[in-house]
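Next up: a single chain in structure tokens, the form predicted alone.
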Amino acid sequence: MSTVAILFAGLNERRVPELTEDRTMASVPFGCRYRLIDFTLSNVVNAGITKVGVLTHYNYQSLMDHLGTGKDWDLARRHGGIKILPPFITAFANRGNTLFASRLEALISARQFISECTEDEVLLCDCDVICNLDLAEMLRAHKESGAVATVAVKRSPVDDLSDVSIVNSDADGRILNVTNYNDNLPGEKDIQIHIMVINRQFLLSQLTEALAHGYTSIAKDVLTRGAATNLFRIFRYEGYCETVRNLAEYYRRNMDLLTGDVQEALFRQKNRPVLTKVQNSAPTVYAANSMVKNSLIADGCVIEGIVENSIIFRGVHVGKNTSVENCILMQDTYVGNNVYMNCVVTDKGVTIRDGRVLSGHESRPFYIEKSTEV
């Protein structure tokens, strides 16, 4: 069974406007040296898929810089490889003069790319799903079941999830419908994690239907509407899987990386490495009086003070007599001497001058925008 992957790079920017003002969601920095797209793209490559289309929305210059030719993911190929699918105004959307606002509308804009593919199946993935999922196993399950579409779900409590899709299925795993979160449905439910395998010809027929009838939702207009006449199944994933819905969640997902269980789930899976763009930076320098506890620190840094429970990206400088606790410091952040920082998120190129005291809380981290001096 041959498969082409289509990744949605930027449908969730409004969730984290602080981090996506100058970049798309897929290229948001994460965990010292990665971008959010690295997890999804690595899952795809580890499953043996070598043809990937990345559907962009806007602010995708940094994404193109990160992906390049795709060589770091072994996708710099004469046939297949990685292709950026830029957004454009389609005839169906021209009345409002706006870009696509849903996954189904995004797929309509890429209909020509899909129709020119020769693969049997299409793998659809969001780029902000942080997990290390064995997509090869999901593809095998999809083929063996004979399903038209297979949707990945995770069993989770929904008490505090207000913007998720709940997939209802029978005892055999056949999808009955997909509904939005409802306060009257407490407890654990199968939450859609926006990874789906779907038959390519069936997908093309649904795109034609969507154009004809103005459909905009895969969950409502494809899965729920077609569940009675087509075999749609779930693939239940039980490992670590999180998304980023706001700045506080971005902060918590980074802090998760400091725990051994999450490191094991994401980075120590046999034959499933998380790949990213390779940077040739000098090793990090730790001064004689520096101290580091329970932190992830990338290369190219200079650490002269104390760093504890923090995520430090490339090229960061932490000055003398400075204490950085529970922080996320992105690339080329400069922290001066005699500074105290707690629960702070700095974007790239931020400068913190000597003697500053900055503090937030894990529920509301203090964010400093790109290239700002404090």
Partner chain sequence: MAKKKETVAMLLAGGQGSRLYLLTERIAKPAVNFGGKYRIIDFPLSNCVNSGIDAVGVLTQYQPLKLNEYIGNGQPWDLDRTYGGATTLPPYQAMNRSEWYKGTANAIYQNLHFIDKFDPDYVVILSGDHIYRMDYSKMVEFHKANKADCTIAVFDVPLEEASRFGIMSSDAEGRITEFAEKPKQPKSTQASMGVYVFSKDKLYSYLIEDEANPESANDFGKNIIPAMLNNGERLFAYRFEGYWKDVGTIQSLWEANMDLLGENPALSLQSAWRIYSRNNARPPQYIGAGGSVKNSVITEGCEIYGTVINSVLSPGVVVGRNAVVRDSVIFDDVTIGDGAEINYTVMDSNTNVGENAVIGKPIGESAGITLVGGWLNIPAGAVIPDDIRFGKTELDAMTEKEETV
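Here the structure is a predicted model, which is why all the values come from computation and not from measurement. Positions refer to the first chain, counted from 1.
Same protein, other form: the form predicted in complex with the partner chain, not shown, and the subject of what follows.
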4.5 Å heavy atom contact, Leu135 to the partner chain in the model of the complex: no
Quick one: is Gln112 in contact with the partner chain in the model of the complex, heavy atoms, 4.5 Å cut-off? no
Is Tyr60 a contact residue for the partner chain in the model of the complex, using a 4.5 Å heavy atom cut-off? no
Is it the case that Glu249, even though its partner is missing from this view, gets within 4.5 Å of the partner chain in the model of the complex, heavy atoms only? no
Just one of Val262, Val292, Cys117, Ala141 has a heavy atom within 4.5 Å of the partner chain in the model of the complex. Which one? Val292
By the heavy atom within 4.5 Å rule, which residue out of Ser281, Ser217, Asn230, Asn177 makes contact with the partner chain in the model of the complex? Ser281
Within 4.5 Å of the partner chain in the model of the complex, counting heavy atoms only, one of 60-68, 339-347, 24-32, 45-53 shows up; tell me which. 24-32
Even though the chain is shown alone, can you say which residues of 248-270 have a heavy atom within 4.5 Å of the partner chain in the model of the complex? Leu258, Gln263, Phe267, Arg268
